[in-house]
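Okay, so here's just one chain, in C-alpha cells, the form predicted alone.
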C-alpha cells in the first residue's frame, strides 16, 4: 500500500432509522489511509449501527456513504459464537476466508503471535487469543480499511494494552485506515488519531485529548484521567490540525 494519505470512506449527513425510531442523526465521518478513527459512546449510542452502515449492511434514510473505488475492507466482529460440537480448528476457521492460502495464514499468524494456536480447537482458546484470531481473519484480505467492533471485548487489561499496540503496529506497517469502536477512550487515546463521540448524533470529535475534556464527553462519562493504560505513544509522519484532521 502507498504511504500517501487519502480518503477511504466518507460519511456525509447520514440519518439512520428503524421504522419510526431514529438511530443516527446527521452523522459526518471520514477515515483516511494510515489513520485510526475511534468511535466511542454509551450503550445504545449507535456505534455498531454506524459501523454496519459503513459496511453497507444498513441503509441510510438520508445522506451518503462514499467508499474508495475498489476498496478492500477487513471486518472484526465484536464477538463470535462457535458451537461446542463443531470440530473447527483455528487454521480451518482462517482458511474459510475467501482468497486465502496457507502461506498467508502462516505469515499473519506469526505476525499476530498465534501460530502456535493454528491446530487448536476454536472452543479451546482464550478470549484474548480469540480476538487475535478474529483480527488475523480480518487481515487475510489485505484490507485498505480495517473495521474493528470492540476489539478488546473479553480481554484482560494487560491483553488490551498489547492488542491496541498491535493495532497501531498494523496501521504503521500496512498503512491501512482503521475504524474502531471502543467503550473506553482512555484505553485507546494514545493510539488513535481522531475520536468521534456518539450518542445518536456526534456529540464531539477531534483529537483524543480534546474530546476527553469536552463538556459533552464529560457529561456522558465523567471527568477522569487515564489510569496508566495508554502505555504507547502515537507517532507517525503527518500532522493534524486542532480538530484532528490530517494536514496535507
Partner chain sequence: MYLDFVTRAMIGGVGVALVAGPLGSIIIWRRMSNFGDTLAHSTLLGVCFALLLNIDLYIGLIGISVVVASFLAFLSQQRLIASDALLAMISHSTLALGLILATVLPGVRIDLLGYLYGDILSINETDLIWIYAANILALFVLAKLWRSILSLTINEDLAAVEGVPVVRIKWILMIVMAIVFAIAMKLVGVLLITALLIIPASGARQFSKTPEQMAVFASILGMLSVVCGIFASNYWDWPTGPAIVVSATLIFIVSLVFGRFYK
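Positions refer to the first chain, counted from 1. Please read these numbers as outputs of a predicted model, since none were measured by experiment.
This next part talks about the form predicted together with its partner chain, which is not shown.
Student: Though only this chain appears here, would residue 204 touch its partner chain in the model of the complex if you measure heavy atom gaps against 4.5 Å?
Tutor: Residue 204 lies outside the contact set for its partner chain.
Student: Would you please decide whether residue 97 lies within 4.5 angstroms of its partner chain in the model of the complex, comparing each non-hydrogen atom pair?
Tutor: Taking the distances in the model of the complex, the answer for residue 97 is yes, it comes within 4.5 Å of its partner chain.
Student: Any chance residue 55 has a heavy atom within 4.5 Å of its partner chain in the model of the complex?
Tutor: Residue 55: contacts its partner chain in the model of the complex.
Student: Using the partner position in the model of the complex, report whether residue 91 sits within 4.5 Å of its partner chain, counting heavy atoms only.
Tutor: No, residue 91 sits far enough from its partner chain in the model of the complex that none of its heavy atoms falls within 4.5 Å.
Student: Spot the stretch among 154-162, 67-75, 110-118, 167-175 with residues whose non-hydrogen atoms come within 4.5 Å of its partner chain in the model of the complex.
Tutor: Only one stretch passes the 4.5 Å heavy-atom test: 67-75.
Student: Which residues from 66-86 come close to its partner chain in the model of the complex, meaning a heavy atom within 4.5 Å?
Tutor: Read in sequence order, the residues that approach its partner chain (within 4.5 Å, in the model of the complex) are 73, 75, 77, 79, 80, 81, 82, 83, 84, 85, 86.
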